[in-house]
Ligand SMILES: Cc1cc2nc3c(=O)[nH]c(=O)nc-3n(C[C@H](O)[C@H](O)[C@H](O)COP(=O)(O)O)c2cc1C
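The chain below stands alone and is given in structure tokens; this is the form predicted on its own.
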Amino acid sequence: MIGKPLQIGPVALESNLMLAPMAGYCDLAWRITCRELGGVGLACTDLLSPHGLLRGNQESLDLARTNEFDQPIGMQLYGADPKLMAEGAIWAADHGATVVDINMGCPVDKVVKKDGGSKLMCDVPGAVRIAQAIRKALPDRIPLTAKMRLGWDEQAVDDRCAETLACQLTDVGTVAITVHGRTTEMRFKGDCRRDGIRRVVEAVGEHTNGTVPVLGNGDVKSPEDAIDMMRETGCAGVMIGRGALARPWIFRDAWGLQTTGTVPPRPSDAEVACVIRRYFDRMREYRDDHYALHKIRTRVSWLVKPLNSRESSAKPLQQAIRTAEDAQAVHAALDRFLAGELRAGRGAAATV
């Protein structure tokens, strides 16, 4: 599977790498920033509430926003009501979705307390009914996928919950499964358990005669991690989330390593600053200055990580962006950094 683009039902992707749906991070500006750098086969939206979409809630509509540069796009729905989820899937199909995905893996309290996300794995028949309802509602051109964990807890792992659910989902028309290698109780702690992902890969492979791809997710922070994930689990592709936050070019690098055996050169500091600038400007374009300023302040610690080295730290740049009062101040901080300012020597006081 290494170096082989994914086929998800009728949809052919350009790589076997996906940008994961991440609550609070996967807005349109971020998806296009990652796509522009290369290697992204499919990008997913933030978690979408069918109720919010159908009511026209502005926050939900903003999370689902897409355009011609954001293709192919997976829209991920969360919830526990089959009828409502099916109606949300129809909305997604009518508003640009290439793929509809069911969230069966989110461990966040506000999602699981409403019986959505990874709570669905506690009721396998109910989760299958949701998938069946969505599949019946969707047009044939739009494939249905699902993202899950290894189970709610260790007992669920022992009971082979993920393997059982994944196989039953394929019986009702789910054509790809992504598995995050942790339980709900682990949340994001501990190590991703690739052995658990492998068991799902093997179960689905045997159940479907290899016709339904399984993707691995969790702790992929480098191109080498992506290769190791595929080799150790046998998965057909990799979904990357947090590993892209500091290095959105990880998809380009991982695909390059798969197809050429080498990783492209690391972006220069000027190129990294350009990525930050373009991402910020896209947030302004697709939303507004208030949104862009809020998000760049909260994400800047991730974005400047590649600018740190053994010799110098980008903390002064990080601080300048975090305290910027307007868009012009953000651009001015990046300009100063490129001019050699807003850097600090390791162990030295920040030069601002």
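Every value quoted in this text rests on a predicted model; they were computed, and no experiment measured them. Counting begins at 1, following the sequence as shown.
One more form of this protein, predicted together with this ligand, exists but is not displayed; see below.
Would 30, 248 and 304 all count as contacting this ligand in the model of the complex, using a 4.5 Å heavy atom cut-off?
No residue of the spot touches this ligand in the model of the complex.
Determine whether any heavy atom of residue 76 comes within 4.5 Å of a heavy atom of this ligand in the model of the complex, and answer yes or no.
Close contact exists here: in the model of the complex, residue 76 approaches this ligand to within 4.5 Å, heavy atoms only.
Residue 83 near this ligand in the model of the complex, any heavy atom under 4.5 Å?
Residue-level check for residue 83: no, no contact with this ligand.
With a cut-off of 4.5 Å between heavy atoms, is residue 333 one of the residues that contacts this ligand in the model of the complex?
Flag for residue 333 set to no.
Contact between residue 150 and this ligand in the model of the complex at 4.5 Å, heavy atoms?
Judged by the heavy-atom cut-off of 4.5 Å, residue 150 is well away from this ligand in the model of the complex.
Can you pick the stretch from 118-126, 204-212, 237-245, 132-140 whose heavy atoms fall within 4.5 Å of this ligand in the model of the complex?
In short, 237-245.
Could you work out which of 174, 233, 217, 183 is the residue within 4.5 angstroms of this ligand in the model of the complex, going by heavy atoms?
Answer to the contact question: 217.
Which one, 103, 164, 170, 258, lies within 4.5 Å of this ligand in the model of the complex by heavy atoms?
That would be 103.
Which residues within 1-25 place at least one heavy atom within 4.5 Å of this ligand in the model of the complex?
Residues within 4.5 Å: 20, 21, 22, 23, 25.
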